[in-house]
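A single chain comes next, written as structure tokens; it is the form predicted alone.
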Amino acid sequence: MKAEIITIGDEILIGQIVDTNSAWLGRILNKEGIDVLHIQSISDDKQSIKDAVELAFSRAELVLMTGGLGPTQDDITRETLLEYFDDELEMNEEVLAHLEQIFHKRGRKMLDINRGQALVPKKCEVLFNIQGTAPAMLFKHNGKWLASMPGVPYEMKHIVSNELLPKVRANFKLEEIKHRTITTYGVPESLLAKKIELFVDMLPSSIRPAYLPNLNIVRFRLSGRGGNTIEQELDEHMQRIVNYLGHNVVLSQKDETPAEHLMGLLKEKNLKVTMAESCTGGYVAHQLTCLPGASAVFKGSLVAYDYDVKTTELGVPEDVLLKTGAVSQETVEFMCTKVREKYNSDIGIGISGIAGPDGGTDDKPVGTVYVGVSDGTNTNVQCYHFHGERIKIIQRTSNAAYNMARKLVLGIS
């Protein structure tokens, strides 16, 4: 089944908000075996909406539209679809009762503009929006479906999961797409492709490869759709690639972030980690604490930005800082070992560097970062030279830190 996504809103086109709806819809539809072939982002304009619908119907069986269903004058999607399908509005009593209940709970008087949201096109099937005031609408046209939904993400997600997808499954034959993904570290996309070229050339036509590079990390994915044997085929082909690349390259045999992978390892081995960060300013700890269950493996962190904090809180000797500088192997070795001791953890991570755009020297240009990890017995400090703007250097440093910690936990040199 082929699908197309249409997002409506000038706020998306001018960059005022980021379109997260399309990304979520793409993931959900893919799991159902529905191929998303196109995504359109269009203006709050009648002709733009009509043209987008016409184009989408010409190349997809399922069209998912988000945005423009609110009660204000700039929300014109319902009226535009009414014209497109040559329809007329009628009052939906179930939607009206829902609206009255919402306003009663909020202690607010329902205005006529709000009551008007219960008017829906006669030809549509209402997809009930329990999370908000704007009902979604499902139109069936020449054997094809168009679902128009609110742009509010949590409302749209509930409608898709609980209203739309059950109907799609019941009316269309879907063949689930299977994926196998590995996450690699430290090998550029082009070099990775060259390394596994022979394995990729051996893939049958039913399996498609894909490379997804991002900040020193490349996710490599195999996708297939077929009978009962496709999962076994995917596993066999991917395992050959994993065995060839080895653990120095393969960070994870799942589609997960470095932080997610390290958290899993630490949980499995009942270990806890602490961090001392300078140039990353707590970003590395943030990646871990964003994950549910982080408290099982994370004890705490210290942002040691200033020299005084490095000496008073981490015990980095002043003479070391004066002789080698804050961005040095010696300083970071103290940072990762002392933060482990200070907070009584199993693994300590230390980071100091120059994230820029200023502060670089001939000896230590912007992007110079030292990352250290220690478990009390083994300590490893590496110097990296990252490129890019400040946030990219910070993100690359985070990925490097998690990879080094992973290798320490697994005993990989």
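Each residue number is its position in the shown sequence, starting from 1. These numbers were taken from a predicted model, which means no experiment stands behind them.
Same protein, other form: the form predicted together with another copy of the chain, not shown, and the subject of what follows.
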query: When another copy of the chain is placed as it is in the predicted complex, which of 280-288, 84-92, 159-167, 231-239 ends up with heavy atoms within 4.5 Å of it?
result: 280-288
message: Taking any heavy atom pair closer than or equal to 4.5 Å as contact, tell me whether residue 37 reaches another copy of the chain in the predicted complex.
response: yes
- prompt: Does residue 261 reach another copy of the chain in the predicted complex if we count a contact as any heavy atom within 4.5 Å?
  reply: no
- request: Tell me, yes or no, whether residue 249 is in contact with another copy of the chain in the predicted complex, where a contact means a heavy atom of each within 4.5 Å.
  value: no
message: Is residue 383 near another copy of the chain? Define near as a heavy atom within 4.5 Å, in the predicted complex.
response: no
task: Have a look at 123, 219, 98, 78 for me and say which one sits with a heavy atom within 4.5 Å of another copy of the chain in the predicted complex.
output: 219
query: Out of 300, 317, 204, 116, which one falls within 4.5 Å of another copy of the chain in the predicted complex, going by heavy atoms?
result: 300
- line: Across 200-223, the residues having a non-hydrogen atom within 4.5 Å of another copy of the chain in the predicted complex turn out to be 200, 201, 208, 209, 210, 211, 212, 219, 221
